[in-house]
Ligand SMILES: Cc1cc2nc3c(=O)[nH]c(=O)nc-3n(C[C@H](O)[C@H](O)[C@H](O)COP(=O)(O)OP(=O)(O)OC[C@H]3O[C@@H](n4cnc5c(N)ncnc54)[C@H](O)[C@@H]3O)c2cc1C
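Presented as structure tokens, the chain that follows is alone, the form predicted on its own.
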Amino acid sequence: MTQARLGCIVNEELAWGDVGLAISLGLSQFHPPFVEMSADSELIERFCSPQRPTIGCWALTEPDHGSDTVGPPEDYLSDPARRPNCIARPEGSDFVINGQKAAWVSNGSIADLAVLFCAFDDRSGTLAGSVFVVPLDLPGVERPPPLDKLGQRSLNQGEIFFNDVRVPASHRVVDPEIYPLALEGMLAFANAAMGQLFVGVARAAYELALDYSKERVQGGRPIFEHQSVRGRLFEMFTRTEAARALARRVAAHNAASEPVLQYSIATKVFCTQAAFDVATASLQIFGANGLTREYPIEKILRDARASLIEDGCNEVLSLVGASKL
């Protein structure tokens, strides 16, 4: 429980400074638990040794599949009209991977290894899900330059192409039988973390506006002394505190018992929306100055806006959460 609370504090503080960098740092160590599941000593030594730090990424989103990949995986994989863009097939004692992961793979252009969630074709005509650990220096891996984005520019995101990429059987760490549970577990973890991070973004936006309101003079006095400004600041304060309370409650629940997906989704949806609303209100208090790059609030607003889409857009995530009620 203490570790969960400390994790919330660390995530909030990192995101207060720069949420894009915070997400990149968090994902950089996403891979060791999956690598260890391979029981491949050479792979573990290469990618899990503290003396040889490596960068990981979570490759899930595909060009034709975004938020729909977080829904029931059996629907995504069984509908011919929604054919996956990345498929692994058995070949002898190995697996061969072909296809593409979309440009939104965080750390995709700089990672040393991908935790690849993709379709598996056992050549029976039925697709299922599997998870592979794939070193990204293997022959057949191609990575174009990263995206140039509206927000979270410090977070590297780029697409990954797999052209007959061959990996041994030990690199498949999640079989089709447990893939749905693995996906749901990762979504619960990721959405809870996103909530914690964007509490930090909301707090940064609120604190910047509060400080600015006590410095900016209009009508002969600091704008903080105007009732309308104080009222808006209090609303921002309330939203930030409510987001923090939810994020920490869910973190404590997930640490004490099996994570529940709908709680994690509620955290992500509520906290990211709070961050965007508070950042929008903060920029309004800054007025025209907030539109300039002289002040950091325009960056925070762009970063917060991106959060309503990443890790599953909030509308689709809400539907997934609702299905679990």
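What you see is a predicted model; the values in this text were computed from it and never measured. Numbering starts at 1 and runs along the sequence shown.
Omitted here: the form predicted in complex with the ligand. The next part is about that form.
Undergrad: Identify which of 247, 105, 204, 116 has a heavy atom within 4.5 Å of the ligand in the predicted complex; exactly one of them does.
TA: If I apply the 4.5 Å criterion carefully, the residue I get is 105.
Undergrad: Which pick from 289, 54, 67, 280 sits with a heavy atom within 4.5 Å of the ligand in the predicted complex?
TA: Answer to the contact question: 67.
Undergrad: Within 4.5 angstroms, counting heavy atoms, which one of the listed stretches 272 to 280, 36 to 44, 256 to 264, 57 to 65 is next to the ligand in the predicted complex?
TA: Heavy atoms within 4.5 Å of the ligand in the predicted complex occur in 57 to 65.
Undergrad: Decide if the three candidate residues 157, 306 and 313 all line the ligand in the predicted complex, where lining means a heavy atom within 4.5 Å.
TA: Contact check passed for all of 157, 306 and 313.
Undergrad: Is residue 319 close enough to the ligand in the predicted complex to count, meaning some heavy atom within 4.5 Å?
TA: Contact with the ligand, yes.
Undergrad: Using the partner position in the predicted complex, report whether residue 130 sits within 4.5 Å of the ligand, counting heavy atoms only.
TA: Taking the distances in the predicted complex, the answer for residue 130 is no, it never comes within 4.5 Å of the ligand.
Undergrad: Quick one: does residue 213 come within 4.5 Å of the ligand in the predicted complex, counting heavy atoms only?
TA: Close contact is absent here: in the predicted complex, residue 213 is far from the ligand, nothing within 4.5 Å, heavy atoms only.
Undergrad: May I ask you to check whether residue 27 falls inside a 4.5 Å heavy atom distance of the ligand in the predicted complex?
TA: Contact with the ligand, yes.
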